[in-house]
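The form predicted on its own is given below as one chain in structure tokens.
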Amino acid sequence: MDDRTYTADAEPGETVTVAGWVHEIRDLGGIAFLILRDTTGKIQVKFEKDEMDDDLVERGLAVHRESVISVTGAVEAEERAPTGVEITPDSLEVVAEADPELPLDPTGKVDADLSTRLDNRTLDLRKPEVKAIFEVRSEVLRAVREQFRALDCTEFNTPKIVATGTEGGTELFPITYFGREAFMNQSPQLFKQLVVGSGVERFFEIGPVFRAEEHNTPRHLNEATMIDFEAAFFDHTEAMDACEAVLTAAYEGVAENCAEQLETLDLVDEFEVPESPFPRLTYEEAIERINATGALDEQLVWGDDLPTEGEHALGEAVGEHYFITDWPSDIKPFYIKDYDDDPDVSTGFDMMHPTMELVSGGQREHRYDHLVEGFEQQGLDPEQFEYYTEMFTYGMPPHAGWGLGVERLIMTMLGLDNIREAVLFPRDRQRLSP
């Protein structure tokens, strides 16, 4: 609509055409009000029944909530109106009528469970607090890209259909690809290593990953969005520095550019940009501190993965974002480099929010013989990954990197109860539509 005015731009003394959704109708007898909502806010439309055309009044008051309408009229100042102005309409067009029986209330006055909300995401997204989550997510991705460019990174997009999985055949979604078996990629890990071996020394990607995990929890998804980073001539400590910089930039972007969204989410007083540097605990220190909390029935020993209860206890003790470094080699993937002076300890690291893991990374094994040996130690067939391993015979520099889950970042940043709230159309074990 070329002549459309957004509600936030309507000024007293103007005649404007506004368009949007019917948010609410209040009929007070001789006078009635329709609240119209668009992407910039709301505006009050006033119907004085005795002074207006009956057909116009009837059309305005008979329209159902959430219908799309267009209104043309004079804008007047009115202190009692929600935004300080109102429109007296000359005309009203019903552009698209809404069903009177909506599956959920977009005003939020009547609660709906998460399943109902996700089944009707279009309506759900009309709620200001839901819209605010995705506006924050958009700002996070903008700020992250800007920080990567400050780190001299190039953005690439890697394949999402692959012949074999990054870490073998587990947790993979198989598909039929022109009569051959293929899989949805569970990580861009192998491809991003190949890119940094090409001479493009610093790489980042923001894209989907697919994991056929059996977990069905408030923090697991089967399709997620990952922020991936890889850099040649970086060791694991430099990769952690970059990780810290990117996460801090995401928070700073939200703090600077999402004041309205944080207010809508009632987070203005709670939102804090993490302080640098983040604490860095070795794996051995982490299990000692978890054991000291008494949170677990059995004491952890070297080689154990960290259970959720242990992560929570440690996160509560640390109280901020932190790294766990120097993990046992046996519980990190084949591509993570071990220390030269202690092959039982890897350069792998995780970056943690006090409530959960956000990042997994480390220095990569760039030496061909050691890489093939790592495949064999983890029961993988190097020949299945020949497209990957042969590149390491062409001059592969030392390199390091990590992957950060977007949804987990948004979930922890905004204190969401369920990771699905940070995804527009989630994919989990039950949900394939919408």
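Note that residue numbering begins at 1 and tracks the sequence as displayed. This one's a predicted model, so the numbers in the text were calculated from it and none came from an experiment.
Note that the form predicted together with ligand ATP isn't included here; everything after this is about it.
- Residue-level contacts in the predicted complex: of 347, 360, 164, 248, one residue has a heavy atom within 4.5 Å of ligand ATP, and it is 360.
- Scanning 254, 87, 221, 324 against ligand ATP in the predicted complex with a 4.5 Å heavy atom cut-off leaves one residue, 221.
- Stretch-level contact check against ligand ATP in the predicted complex with heavy atoms at 4.5 Å: of 190-198, 291-299, 101-109, 224-232, the positive one is 224-232.
- Taking the partner from elsewhere, residue 213 is found to have a heavy atom lying within 4.5 Å of ligand ATP in the predicted complex.
- Among residues of the shown chain, residue 399 is not one whose heavy atoms approach ligand ATP to within 4.5 Å in the predicted complex.
- Interface membership of residue 413, defined by any non-hydrogen atom within 4.5 Å of ligand ATP in the predicted complex, is ruled out.
- Contact between residue 419 and ligand ATP in the predicted complex is found at the 4.5 Å heavy atom cutoff.
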